[in-house]
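In structure tokens, the next block holds one chain alone, the form predicted alone.
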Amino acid sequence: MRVAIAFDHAGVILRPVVIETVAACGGEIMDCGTDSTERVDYVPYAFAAADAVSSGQADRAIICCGTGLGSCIAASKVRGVRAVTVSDTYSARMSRLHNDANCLCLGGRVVGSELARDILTLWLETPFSDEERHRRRIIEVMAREG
């Protein structure tokens, strides 16, 4: 699995955990930046990672900003991206199992390193259930993109 990763200055604190966990789960990383705590806007980084998923260059994306919220809003604007902001393991699992989320957004100011590792592992390793009811709902949501 190829995973696009992106961070802003507030999310970069999770960068080592994301890189380590993606590698531990057998993923290949596509780095969309940043690697600095120097203040930057999250939007271009979120778009870069989401565009990688939309274009097929990456299977999934992980984007970290201060709360995960702004990055999620930005990534969700990209066609084909189903982004979620997660701060607990149950939501991480369900976002994959029922929603086939392909973009995970985490908040560096919200989620600590150990919880992030647990969330990332669950999110990366949980397959989509592929049940008809879940496929149908995803199709309905994606049809709204226009």
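Start at 1 with the first residue shown and count on from there. Source: prediction; values computed, not measured.
Same protein, other form: the form predicted together with D-ribose, not shown, and the subject of what follows.
S.K.: Which of 34, 67, 102, 91 has a heavy atom within 4.5 Å of D-ribose in the predicted complex?
M.R.: Here the answer is residue option 67.
S.K.: Examine residue 42 and determine whether its closest non-hydrogen atom to D-ribose in the predicted complex is within 4.5 angstroms.
M.R.: Residue 42: contacts D-ribose in the predicted complex.
S.K.: Under a 4.5 Å heavy atom criterion, is residue 109 part of the interface with D-ribose in the predicted complex?
M.R.: Looking in the predicted complex, residue contacts with D-ribose include residue 109, since a heavy atom lies within 4.5 Å.
S.K.: In the predicted complex, does residue 15 have a heavy atom within 4.5 Å of D-ribose?
M.R.: Residue-level check for residue 15: no, no contact with D-ribose.
S.K.: So in the predicted complex, is D-ribose close enough to residue 22 to count as touching (4.5 Å, heavy atoms)?
M.R.: Close contact is absent here: in the predicted complex, residue 22 is far from D-ribose, nothing within 4.5 Å, heavy atoms only.
S.K.: Pull the contact list for 5-19: residues with a heavy atom within 4.5 Å of D-ribose in the predicted complex, in sequence order.
M.R.: Stretch hits, in order: 8, 9, 10.
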